[in-house]
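As a starting point, one isolated chain is supplied in structure tokens, in the form predicted alone.
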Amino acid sequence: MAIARISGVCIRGLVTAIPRKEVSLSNDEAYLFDGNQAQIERLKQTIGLDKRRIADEQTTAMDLAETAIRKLLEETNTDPGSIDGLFMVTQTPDYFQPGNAVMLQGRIGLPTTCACMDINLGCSGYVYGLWAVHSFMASGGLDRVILVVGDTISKIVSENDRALRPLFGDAASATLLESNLGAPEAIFELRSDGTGYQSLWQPGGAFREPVNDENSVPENLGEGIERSRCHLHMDGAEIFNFSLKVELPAIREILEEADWDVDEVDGFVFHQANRYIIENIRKRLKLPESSVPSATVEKFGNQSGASIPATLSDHYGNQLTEKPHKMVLSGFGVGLSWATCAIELPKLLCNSIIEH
């Protein structure tokens, strides 16, 4: 798409909910590497794998989202009756139908005048979601909207998959946006390439390939990888190459469109795929190390679409409630899709990360 420039909408607050349950590569999942501590340390140092937060069997992305929304309403002192829209970006909904957003409207007690919709996106989902909400609000009719981005990807990864099991964590974020005629312009660039969809996908389990006795049985694919077609599949090399191919021009273009120099940007927050990818992007763009956080993935795992807001909550914390910030946000991955925005955050009412 062409560059989208949208004024009159501002972010007011952000809360990210993470599960309390923590697992570590050194202890809980050392079995994946036959207890080989040298190999485990290499992964921790180079890829940035260490600990993850994962939901228990009963907890879903909607449960995490409800926790985040309730805290967001409380911390921003927002009347639930004033919410005009609720949009949830997720690829791990509670049910095929109805969507999570509608059910959250009922669980939270938002008014029946609240427009609700789910958006099926993963790694790029927070930036896509921000663009969608900005667009809906700028068109009129919605003055106060909650954007939720959340997934429990850990539930679709094989327990015996050495390549993917240590990567993925779970989280849900809730962002409050309001109409404000004086809000600075937000700039978005969204892209997609569906020819690469098999680089990161879950082949079985939906309507093209429903669950059956064959596709739900794990296969031994060698090198410590055992997964069924109903588990998540990823070609790590393809995703790495894709990330570098699309992110370098995406960041350069958004900076040019915003007319921002690198040194005036307070933070470049990338989807927290893993530290190795983030560091390669940072070095090739010659971005300051202090402006590119990458510790979120080491503490919580790859949280899919929620990784960008989780990083805003965890890394920046009260900094975002004390003064405005110029931020570049960029997500990339499943789809394949990628999305980048240059956005000026006002002094937020809240920016917190909480346990569910």
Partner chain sequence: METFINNLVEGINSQGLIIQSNHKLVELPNWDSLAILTTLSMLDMEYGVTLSGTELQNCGTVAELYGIVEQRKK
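Note that the structure is predicted; figures quoted are calculated from it, not measured. Positions refer to the first chain, counted from 1.
The same protein has a further form, the form predicted in complex with the partner chain, not shown here; the description that follows concerns it.
> Please state whether all three residues 42, 46 and 236 have a non-hydrogen atom within 4.5 angstroms of the partner chain in the predicted bound form.
Yes, all three are in contact.
> What is the one choice in 244, 108, 138, 262 with a heavy atom within 4.5 Å of the partner chain in the predicted bound form?
Partner contact (heavy atom, 4.5 Å) among the options: 244.
> Between the options 223, 256, 74, 214, which residue brings a heavy atom to within 4.5 Å of the partner chain in the predicted bound form?
After the contact test, the surviving option is 223.
> Please determine, with the chain shown alone, which of 185-193, 140-148, 75-83, 281-289 has non-hydrogen atoms within 4.5 Å of the partner chain in the predicted bound form.
Single hit among the candidates: 281-289.
> Applying a 4.5 Å heavy atom distance criterion, does residue 276 contact the partner chain in the predicted bound form?
Result yes; residue 276 sits at the interface with the partner chain in the predicted bound form.
> Does the 4.5 Å heavy atom contact test between residue 201 and the partner chain in the predicted bound form come out positive?
Result no; residue 201 lies far from the partner chain in the predicted bound form.
> Classify residue 240 as contacting or not contacting the partner chain in the predicted bound form by the rule of any non-hydrogen atom within 4.5 angstroms, answering yes or no.
Residue 240: yes, in contact with the partner chain in the predicted bound form.
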